[in-house]
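The form predicted on its own is given below as one chain in C-alpha cells.
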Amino acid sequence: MLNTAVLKAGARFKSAVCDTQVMVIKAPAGEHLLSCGGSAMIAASSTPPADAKLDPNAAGETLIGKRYVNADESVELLCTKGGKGSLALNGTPLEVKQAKQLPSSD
C-alpha cells in the first residue's frame, strides 16, 4: 500500500500501527512515502485501519522530542509522541538528528 503525500512544514502525521506522532519541520519538494513501523503514516486526524500491524523489521522506537532526519537532512521530523515503530522516508530509515558541535570558547 503506497500512500505518498506532499510533506509540508507544520503538517502532522501519526502512525497507523503504534503511538508515534510527528510534525514536519523541513521537507523536500514532491510526493514522498512517510512510514512508521512498516506502514504508511496517516494524517493526524485520520483513523488507522483496523488490520494495521507493526512490522517486526521496522520496530525501532521513536523518542518524543527528538528530531529525525535522512542522510542529506532534506527532511526533518519532530517526534511529538513516541512509539514502537521506526520512521522511514521512501523506504530509507530516518536517524535521530545529532546536535551540532559548538566551537570551543578557548
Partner chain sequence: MNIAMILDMAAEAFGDRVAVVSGDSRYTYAELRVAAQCAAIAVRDSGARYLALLDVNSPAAPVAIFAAAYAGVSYVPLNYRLTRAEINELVDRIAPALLIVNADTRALVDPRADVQLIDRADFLSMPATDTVAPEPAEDPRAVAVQLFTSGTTGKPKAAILRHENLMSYIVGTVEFAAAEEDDAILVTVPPYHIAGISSVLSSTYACRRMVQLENFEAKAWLEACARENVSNAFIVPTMLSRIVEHLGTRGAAELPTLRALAYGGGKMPQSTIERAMQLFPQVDFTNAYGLTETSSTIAVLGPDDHRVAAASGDPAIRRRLASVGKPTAAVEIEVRDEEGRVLGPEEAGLVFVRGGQVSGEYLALGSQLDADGWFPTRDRGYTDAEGFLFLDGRADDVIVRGGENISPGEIEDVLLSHPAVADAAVVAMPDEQWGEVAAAAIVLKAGASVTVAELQERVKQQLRSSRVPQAIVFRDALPYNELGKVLRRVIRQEFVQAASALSA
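Numbering follows the first chain given and starts at 1. Worth saying up front: this structure is predicted, and the values here are computed from it rather than measured.
The same protein also has a form predicted together with its partner chain, omitted here; what follows describes it.
In the predicted complex, no heavy atom of residue 70 sits within 4.5 Å of its partner chain. Interface residue remark: residue 28 is not counted as part of the site for its partner chain in the predicted complex, having no heavy atom within 4.5 Å. At least one heavy atom of residue 81 is located within 4.5 Å of its partner chain in the predicted complex. Contact check for residue 64: a heavy atom falls within 4.5 Å of its partner chain in the predicted complex. Shown here without its partner, the chain carries 40, 50 and 74, none of which come within 4.5 Å of its partner chain in the predicted complex through any heavy atom.
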